[in-house]
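Only one chain is included here, represented as C-alpha cells and corresponding to the form predicted on its own.
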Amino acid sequence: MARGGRSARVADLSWAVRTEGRSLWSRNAVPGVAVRGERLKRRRGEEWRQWSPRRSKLAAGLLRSKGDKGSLLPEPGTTTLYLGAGHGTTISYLHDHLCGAQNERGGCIVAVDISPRCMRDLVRLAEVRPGLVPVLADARHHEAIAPFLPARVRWLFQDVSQAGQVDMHIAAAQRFLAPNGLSLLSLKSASERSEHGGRGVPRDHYDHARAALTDAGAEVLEVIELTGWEEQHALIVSRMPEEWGKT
C-alpha cells in the first residue's frame, strides 16, 4: 500500500527500501556513489539507488514475493549474517536498509565469502559503509564465523552455489539463528543432485529443500521461484520455531 499520499505506484517496504511500479529502490547510504553502475536519482532531497533483480536474488525475491514483501528484510539496526556475500552488490543494498549513512541505524552485516577476490571488494565496500564486517571463510566452517557473532542473529541469508546447499543452510541456522529468526536460502537447482544421482528438475530440489527444512523444525513460509531473472533459482523463506537453538 502506498503511504503519505504519494503515487499509488510507490510503496514503502522499509524506511530505506521501496518499490516504484515494478522497480525496487534503496536510499543510498553513500550519496553520489553507485556500487555497480546502477541508476541513481534524487527525490525530495534524498538519493535512491535502483536495486536490480537481475543482479540480486534478494531483490528478485522481494519483487516476486506474494506475501508481505517488507517482512523479508531484517529489522534495521540489528545484526545479520550473510553467507556467500560475493562482490557485495546485494550487501550494499542491505546496508542501505540495515545501517544507513555512517551507520546511523547501528546495524551490522557479517558478510562471509570464501573468495579472496570477493573479499577485496567487500573490504573496500566496508571502508565507506560502517557496519559491514567482511569475513574470509568457508560458510561450512562455523568456528571461523562465530567470533564475529557474539549472539544469535534474527536474519540469515545464504547464497552459496555448491552441492549440499540445503544441509549447509540448516546447519548454519541451527548454529547462528535465534528462535523465531528468519532464514532465506537462495537455492541454485543446477548445483544440486537428485536422490537418483542425476541433476533432476528444479521443482524436485525446491520440494526437497522444503521437506528438509520442515523436518529440521522450520516453518517454510514461501518458496519464491526466480525464473526470468535467475534461472533454476528459488528463494526459500523459513521461520524458526520458538524453541529453536535452546537445546
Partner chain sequence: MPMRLCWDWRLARVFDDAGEIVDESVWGGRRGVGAVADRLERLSSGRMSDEARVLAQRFPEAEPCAVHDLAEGDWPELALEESELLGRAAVQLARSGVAAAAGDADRRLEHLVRAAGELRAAWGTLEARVVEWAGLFLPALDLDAARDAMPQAVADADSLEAAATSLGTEAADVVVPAAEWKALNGWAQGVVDASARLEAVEQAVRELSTSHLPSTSALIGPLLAARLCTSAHGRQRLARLPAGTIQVLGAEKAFFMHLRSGIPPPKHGHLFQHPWVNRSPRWVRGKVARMLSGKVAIASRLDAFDGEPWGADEAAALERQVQAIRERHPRPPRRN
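These numbers come from a predicted model, not from an experiment. Residue numbers count along the first chain shown, from 1.
The same protein also has a form predicted together with its partner chain, omitted here; what follows describes it.
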| item | value |
| --- | --- |
| Contact test, all of Arg120, Leu136 and Phe148, partner its partner chain in the predicted complex, heavy atom 4.5 Å | yes |
| Heavy atom of Arg175 within 4.5 Å of its partner chain in the predicted complex | yes |
| Partner proximity in the predicted complex: Ala144 to its partner chain, non-hydrogen atom cutoff 4.5 Å | yes |
| Heavy atom of Met168 within 4.5 Å of its partner chain in the predicted complex | no |
| Contact of Ala126 with its partner chain in the predicted complex (heavy atom, 4.5 Å) | yes |
| Heavy atom contact within 4.5 Å of its partner chain in the predicted complex, the stretch among 157-165, 128-136, 68-76, 92-100 | 128-136 |
| Residues within stretch 73-93 having a non-hydrogen atom within 4.5 Å of its partner chain in the predicted complex | none |
